[in-house]
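Shown below, as structure tokens, is a lone chain in the form predicted on its own; questions about how it binds or moves come after it.
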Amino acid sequence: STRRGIATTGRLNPKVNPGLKKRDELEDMLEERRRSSDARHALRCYAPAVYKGLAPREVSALRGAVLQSDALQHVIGQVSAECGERRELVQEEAAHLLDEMAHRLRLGTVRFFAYVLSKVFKTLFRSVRVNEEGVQRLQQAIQDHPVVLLPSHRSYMDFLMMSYILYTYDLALPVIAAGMDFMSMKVVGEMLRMSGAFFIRRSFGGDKLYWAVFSEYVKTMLRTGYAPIEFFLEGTRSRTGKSLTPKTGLLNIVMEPFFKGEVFDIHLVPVSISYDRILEESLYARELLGVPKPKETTSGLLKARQILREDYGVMHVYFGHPVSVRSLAQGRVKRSQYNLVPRHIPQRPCLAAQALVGEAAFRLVRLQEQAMVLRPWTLVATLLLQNPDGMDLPVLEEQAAWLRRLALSFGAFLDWPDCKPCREVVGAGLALHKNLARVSGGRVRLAVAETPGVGQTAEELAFDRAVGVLSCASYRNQILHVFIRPALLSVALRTANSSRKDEVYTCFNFLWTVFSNEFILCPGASVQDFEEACYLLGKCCAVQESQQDIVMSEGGHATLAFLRALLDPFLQGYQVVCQYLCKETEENLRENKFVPAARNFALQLILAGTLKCYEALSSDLQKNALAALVQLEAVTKVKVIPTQKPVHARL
């Protein structure tokens, strides 16, 4: 097939990011689908290579192995003794829980999905570009070691596309961790189960039996190499376009068989999925503004067919290099300590193992970010948000070209066709996102209402504007990982009011701590991030650095001003939260009342004209701000009574 690849690729200096390898080219996997029969593709011979050439285990055999495992039998005995129930009844409950969560993979259902999804993807996307070298690496990894697939999560399309790609390239289909919400969908829920999904509760609480069944189910599949296991490190879809702080619960489970010496190694494969245009774009914005998330139903899915009339541009899927758990743990975790307790007895991971899992989670999310393919619209959206009054089209094109050069110098993985003039590239992005930006009289501005419609209140107008701003911000947020460290340094340079590097670092470190819940900033890496920021700003000639000082260069004003403006919505949003807490008269504020109250406070500021930042209405930003204040001990989180929900009390 013809290699089409990314036209322009920037790479970070190896001194700054030693783990960043040369990026692969990408090819359109839909190109062949447009030329050949979808039915023939779905019904073709499917014979994927499997782990160590073992014969695939039947679902019934997997079920029996889990229920009869020493680990689960030990917990069943404990639960039986603790609650006074007969062991047989607890065993039946364990079997029921396993049947509730377990997948029932059927090749016939997979073939049906392959046929339907071929039609859907060809309608929705102009192309789906995949790095075939990454697919080949994954194929080899599946044959040599148990594999865990860790895709980024921005859309419901993510897990469907992952299985479709693996089927297309004749790789073993993954077994996918899915929320219980999907199981309640009539017909569709069972079809997802028969295509490899297994369903888990969002939280287990103190249900020891459920945890034991779930963890043993996952670990049995890993130990036997039954199939690649797939789950989302972020836990849920990102509504903001930014990566979310990773959840380590499942990662702990999948790494445990290595710690206990039950497998030689486990390979963790980060996968970066990015979209030209996100299907749930306006839905996410409304959720951030307090509109409840729609329940997943079959009727809702059928009603969503109207999206097939829309153009969603290009989708990119980049399979990263497998990360060896054995290599991560070398010199960090002494596995011999696990020999002191029989393997089947549950034990809390040692501190070294807990620290390793946490570090690995952040590292994997950063690898996802670094391989995220960015489209020109992310740059255009960034510029439009910084210029709410609009920009003349030639100025926008000029600024986009400048920002492109800056992004590439910082290491962005940018899909910007060199063969086309900037005017065409920017125009194509504006055409695809005409619902978010409009061109009138040679001037480009966000497509938000200026005056209330007939019968529309000021609050409703503000809500509509916020939907447009937050939708646009979700695309700007996709590129924040490229700029966040230099942006923090840019703000620190102004705040420190000094050129001494140690004083600038003090300000940088404070900002780094404040925003550690907002962005992916690896714990304990503030010094490394500061050095990286200094290097990048020096590389683009924005600052000059000596052993003791760091100062703005003569030509660095534009770059530093842009970077400060990038952080401004977050700074304003955090300031609004602080203002609200200072004015809140209730001594103890219930946590579930905080976000609606803080949003209403921000809305009143907007209506009064004292706040222009609509992003301050985002529930995600408000929650992150509160978490930062708790971390800084400016706010205390206490439980009043065990049966009541936690509350936040101001100090």
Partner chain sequence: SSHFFRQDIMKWNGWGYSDSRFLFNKKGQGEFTGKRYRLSGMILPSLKDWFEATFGTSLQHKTPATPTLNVSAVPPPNLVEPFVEELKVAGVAASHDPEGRVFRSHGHCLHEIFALREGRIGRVPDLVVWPNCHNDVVKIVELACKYNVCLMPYGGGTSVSSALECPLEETRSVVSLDTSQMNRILWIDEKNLTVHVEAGIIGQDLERQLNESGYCTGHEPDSMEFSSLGGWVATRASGMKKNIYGNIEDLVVHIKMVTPRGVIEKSCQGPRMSTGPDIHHFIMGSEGTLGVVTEVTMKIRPLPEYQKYGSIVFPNFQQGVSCLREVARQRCAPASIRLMDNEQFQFGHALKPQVSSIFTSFLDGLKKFYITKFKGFEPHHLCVATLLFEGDREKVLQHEKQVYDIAAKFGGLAAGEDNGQRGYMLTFVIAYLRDLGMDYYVIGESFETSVPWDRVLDLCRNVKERIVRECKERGVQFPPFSTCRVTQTYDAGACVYFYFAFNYRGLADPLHVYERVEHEAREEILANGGSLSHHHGVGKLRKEWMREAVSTVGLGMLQSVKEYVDPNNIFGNRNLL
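Positions refer to the first chain, counted from 1. Quantities reported herein were computed from a predicted structural model and do not represent experimental measurements.
Beyond the structure shown, there is the form predicted in complex with its partner chain, which is absent from this document and is the topic of what follows.
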item: Proximity to its partner chain in the predicted bound form, single hit among G261, G524, P452, P421 (heavy atom within 4.5 Å); value: G261
item: In the predicted bound form, the residue from L308, V341, V395, A81 that sits within 4.5 Å of its partner chain by heavy atoms; value: V341
item: Non-hydrogen atom contact R87 with its partner chain in the predicted bound form at 4.5 angstroms; value: no
item: Proximity of R476 to its partner chain in the predicted bound form, heavy atoms at 4.5 Å; value: no
item: Non-hydrogen atom contact K52 with its partner chain in the predicted bound form at 4.5 angstroms; value: yes
item: is_contact(S203, its partner chain) in the predicted bound form, heavy atom dist at most 4.5 Å; value: no
item: Contact stretch among 360-368, 270-278, 237-245, 341-349 - heavy atom within 4.5 Å of its partner chain in the predicted bound form; value: 341-349
item: Contacts with its partner chain in the predicted bound form, stretch 130-149 (heavy atom within 4.5 Å); value: H145
